[in-house]
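Given as structure tokens, the chain that follows is alone and in the form predicted on its own.
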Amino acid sequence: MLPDDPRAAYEPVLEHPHPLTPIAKSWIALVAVGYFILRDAPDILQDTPSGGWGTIAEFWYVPIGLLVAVLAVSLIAGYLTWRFTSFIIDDEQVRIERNFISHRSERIAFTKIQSVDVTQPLVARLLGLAALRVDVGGGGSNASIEYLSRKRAYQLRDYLITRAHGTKATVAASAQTPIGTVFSDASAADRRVVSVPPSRLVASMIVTNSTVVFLIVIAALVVYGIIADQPLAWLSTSFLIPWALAMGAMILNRIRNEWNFVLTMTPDGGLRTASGLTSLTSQTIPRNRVQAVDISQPLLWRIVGWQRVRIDVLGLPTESSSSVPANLLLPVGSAQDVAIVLHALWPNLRLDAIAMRPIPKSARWLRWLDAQTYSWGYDEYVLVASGGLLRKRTSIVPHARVQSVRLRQGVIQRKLRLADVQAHTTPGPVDVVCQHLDETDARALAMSELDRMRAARSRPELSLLSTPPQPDRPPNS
């Protein structure tokens, strides 16, 4: 290397995760062993000659010793993993080295980073630690560092996001910017877009279509029991209880993941979600990679005007591997909240100004009860499809994000001269389908959509992001 080579002064500094990492990881093994002990202990004690409490008093050291042994083994394994794990995140490179048992080196180019998330499981959160997860999307493997101090994780997350956006920055300069708080990961420089009160979140989980169906089934079983004069025990145990347990588990899972949900906008114009009851997960949403938006509204939510917003994001998994769904932009909110969120995401979107067209009356042969709810429309920016009775969905896709258009027509639709037009985007929860259009309109929409796709990609002024992000309030608010 020549003396005047600028790389001559570069000396990468290896860092290790936080020293408390083995403790943060060991609790999982303890919980697993404790679960199996509590699960199998009654059966084991039942077969002992001295009875339950007598056996516990005599052999108390067995479960305690087992827990201590498991704790020791997990701590040793965690220490070795920590000792042989190192990383470099500086102004030149992102590299993670793992040399325990086998050697593995991960190098990540700044331009390949799709998003950077920070997760804080319960024990790590109590210890002031956080995990850094770098998502490279596509066929690349995601990289994670467990655990760093919360402050260090926030700083590195902000730095990597800045570099991923193509902005030249240094780690030292990024360390001077304000970092997020403990409970919501929102710094003084971030601007809160919308938040979901816990009371609204819990109420939205109770007031659902599933709850109504559950109550109807209970009422039907009670009436059946009275008329037939038969006990309902067998019905309760074989049908109602599993259903109730499944609903309870679903509600608890959503409360655990979506509690204290906050959507913020960072100084560089990015969106960030943070939520979690026991664990806090912060997820960065790259606005330029959002492919489509889905606004859903169950039947009972229409009474209070609540809606839910999900998105398709290029390069991100459809479901998070840990907790919060990777495609959730708003768990539940009012129409005003939805307008604010959409304006923060796509400032140029004017959803209310799009003229929506109903589907033909002949579609009632296929949609007896809800044909009047279906409509479709477009402007120079987006294509919109809406409809549904029990759950109304409004799907929005920018013309520039449409990858292909499919025209399909079933046997009955052919008899009724109807057809569907589907706009394909990246895989995700959003399915943009204009259903049951007149076949002439459907063909014209499919053919003209190709022209709008080309125009949107070649003309920057048709981008939904061209307006500088100043989403204090939507235009119509």
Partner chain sequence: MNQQQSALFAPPTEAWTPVSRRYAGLRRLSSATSWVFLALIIVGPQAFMVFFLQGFPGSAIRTLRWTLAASAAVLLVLAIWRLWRQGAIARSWAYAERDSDLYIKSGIFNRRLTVIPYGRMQAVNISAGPIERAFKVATVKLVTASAQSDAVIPGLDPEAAAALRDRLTERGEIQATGL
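This one's a predicted model, so the numbers in the text were calculated from it and none came from an experiment. Positions refer to the first chain, counted from 1.
From this point on, the text means the form predicted in complex with its partner chain, which you will not see here.
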**Prompt:** Looking at 84-92, 395-403, 352-360, 250-258, which lies within 4.5 angstroms of its partner chain in the predicted bound form, counting heavy atoms?
**Reply:** 395-403
**Request:** Only one of 70, 62, 28, 450 comes within 4.5 Å of its partner chain in the predicted bound form by heavy atoms, so just point that one out.
**Result:** 450
**Message:** By the heavy atom within 4.5 Å rule, which residue out of 291, 284, 307, 74 makes contact with its partner chain in the predicted bound form?
**Reply:** 291
**Message:** its partner chain is absent from this chain, but in the predicted bound form, do 102, 107 and 163 each have a non-hydrogen atom within 4.5 Å of it?
**Reply:** no
**Prompt:** Would residue 389 count as a contact of its partner chain in the predicted bound form, using a 4.5 angstroms cut-off between non-hydrogen atoms?
**Reply:** no
**Prompt:** Taking heavy atoms only, is residue 314 within 4.5 angstroms of its partner chain in the predicted bound form?
**Reply:** yes
**in the predicted bound form, residue 244 touching its partner chain (heavy atom, 4.5 Å)** = no
**Asked** For residue 457, is any heavy atom within 4.5 Å of its partner chain in the predicted bound form, or not?
**Response** yes
**Prompt:** Which of the residues spanning 399-438 lie within 4.5 Å of its partner chain in the predicted bound form, based on heavy atoms?
**Reply:** 400, 401, 402, 403, 404, 405, 406, 407, 408, 409, 410, 411, 414, 417, 419, 422, 423, 424, 425, 426, 427, 430, 431
